[in-house]
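Heads up, the chain below is alone and in the form predicted on its own; it's given as structure tokens.
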Amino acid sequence: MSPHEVPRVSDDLWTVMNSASAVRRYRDEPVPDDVLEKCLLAASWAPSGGNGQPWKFVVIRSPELREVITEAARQTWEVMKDFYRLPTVAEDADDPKSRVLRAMAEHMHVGGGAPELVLFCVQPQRGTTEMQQAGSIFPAVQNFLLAARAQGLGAAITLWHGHCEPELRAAIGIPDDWKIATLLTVGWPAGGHHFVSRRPLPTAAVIDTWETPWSTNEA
């Protein structure tokens, strides 16, 4: 693909943004390289501090690394269950919270068995804070997620790498001065795409002061 070729998307940008929710269940179908490449290309178009583009996107296909990630995902689930005191969900429970918990549990049980895994790494720029460093990698993550959704894919951000970082660094050859930002699972959704559920905008946006919520001027 030409670096300047814009991939064709199936929905307008507003619909893509409003329906790019986390997808944790995938069909057992491969993701074609040309489809994944469009997501990676979109990630490379993201802004970064000083246009330094201090990123590396690692597509993980090694069976050995995938096994390491699967074990890390399962460790993450055990930690989460303990920390958040998550209940055991009955198989026939159909309320929204139970469905989410089941999807999370399945996601972390499958772990590295997801159709595609992409590790996002960033090289911190001298003098930058952790937050500033994040500003030079997470826009790329979001571009990837939107490009995935636009092509019908689903994806989810994970922090599983926290339980296997030394192994990943050694096997991949990640330099010591680089940080791992996140690991994405990617694939064709087992279900459909859904519009995101968010609090009303005035709870997130304010005007001038913390307690002055955004409001539209309606006659």
Ligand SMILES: Cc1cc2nc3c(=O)[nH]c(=O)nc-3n(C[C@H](O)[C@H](O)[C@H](O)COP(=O)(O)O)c2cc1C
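Everything quoted here is computed from the prediction, not taken from an experiment. The first residue of the shown sequence is 1; numbering continues from there.
One more form of this protein should be noted, the form predicted in complex with the ligand, which is absent from this view; the next part is about it.
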| query | finding |
| --- | --- |
| Contact label in the predicted bound form: H107 to the ligand, heavy atom within 4.5 Å | yes |
| T158: touches the ligand in the predicted bound form, heavy atom cutoff 4.5 angstroms | yes |
| Any non-hydrogen atom of A205 within 4.5 angstroms of the ligand in the predicted bound form | no |
| Contact label in the predicted bound form: A22 to the ligand, heavy atom within 4.5 Å | yes |
| Options 42-50, 29-37, 59-67, 158-166; stretch whose heavy atom lies within 4.5 Å of the ligand in the predicted bound form | 158-166 |
